[in-house]
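In structure tokens, the next block holds one chain alone, the form predicted on its own.
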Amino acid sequence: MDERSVGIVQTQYVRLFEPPNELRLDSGEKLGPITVAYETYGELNADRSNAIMLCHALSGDAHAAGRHSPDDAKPGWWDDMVGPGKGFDTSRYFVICANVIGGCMGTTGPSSINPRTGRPYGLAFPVVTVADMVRVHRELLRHLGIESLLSVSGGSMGGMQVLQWAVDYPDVVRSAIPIATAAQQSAQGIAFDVVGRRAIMSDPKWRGGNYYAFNDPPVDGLALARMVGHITYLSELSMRRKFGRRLQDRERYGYDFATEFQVESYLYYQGDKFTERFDANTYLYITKAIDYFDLTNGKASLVEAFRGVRAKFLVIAFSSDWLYLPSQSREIVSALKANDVDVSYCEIESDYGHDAFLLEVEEQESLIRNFLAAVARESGVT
């Protein structure tokens, strides 16, 4: 195994918010108990000051790095960035990653058993928000005996959590690294999400969200939702370079509706592959949480939303990201500067589109390693 890998890791589970101390959600509903799936990498130092929270994106989970067994073919979703000597250097820092509430990778979500009925929640699961996700992970920190975070980082929806952490818990977060994200979901982002939700809810097998007992989930709707979403993760240039107008397994047009173009085949593959590991109802809940995300909600401006933030920031955007534009990151930077927050901004030139935050490793690794080293030095973390 690669000497820079964290090696074999195990997902851990904890039950939080046991009744009568349920979590009060933004919707006003209460939920508990809540099981949280999480993984940790590296060692917590003596004064518990070297912890870093990683926040995953829509389809991510608690498995950020390493492998679950020697035969595990696929490492964690940010394995290139987490490990000894990597951007999130586990020889120096204690890294935590947890699945979000509403998820389907071990943390309580719509596919979990509702203790009141003994059956999966389905649509009886309450609507959750990004702030609810962060509240759950704040309680996980308490469970781990960690009072402050050296940093919190993540891309896309993970970046939204990062911003929420910095706003809601200024005394906990010493630095923040939001990547390829925005302070609010755009109308365009909502538009793509609603198409995905409509695709799932139009699948006859969705059955009003109560499909679990039939062992026949709405895979067609979920696959279509993923195909639509996946287009937004790429860029026109990356698609042109990767696929062009090349045909798949044929040399001329068939003048029919079979899969002809390579890009068609690729999207079908991505959609079908996604249904093997993801729950359709979770897709509904997580995209809804993203659509609700708006740091200015109830505030006069983004500048006001960041008032009281104390964390030092490194904001990273990618030139070809059209889901969360660099201009949206610059808006975050401007609002932070208006509050005299120490903030650095880097826009990385990339053709990969939104997916660049998972693919442009080399430059991110250097940026993040140096940023964290400076924060650790200023904080006296050894």
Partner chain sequence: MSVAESTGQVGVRRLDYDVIVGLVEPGSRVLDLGCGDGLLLSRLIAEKGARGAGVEISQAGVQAAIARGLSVVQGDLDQGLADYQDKSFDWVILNQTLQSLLKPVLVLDEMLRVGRRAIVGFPNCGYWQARLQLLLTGRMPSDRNLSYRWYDTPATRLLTIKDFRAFCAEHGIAILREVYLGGQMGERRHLLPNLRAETGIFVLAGDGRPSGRRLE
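Keep in mind the model is a prediction, meaning the values are calculated, not measured. Residue numbers count along the first chain shown, from 1.
Note that the form predicted together with the partner chain isn't included here; everything after this is about it.
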item	value
All of 340, 343 and 367 within 4.5 Å of the partner chain in the predicted complex, heavy atom check	yes
Interface segment, criterion being heavy atoms within 4.5 Å of the partner chain in the predicted complex, picked from 330-338, 52-60, 351-359, 30-38	330-338
Residue 312, heavy atom within 4.5 angstroms of the partner chain in the predicted complex	yes
Heavy atom of residue 22 within 4.5 Å of the partner chain in the predicted complex	no
Any non-hydrogen atom of residue 26 within 4.5 angstroms of the partner chain in the predicted complex	no
Contact label in the predicted complex: residue 371 to the partner chain, heavy atom within 4.5 Å	yes
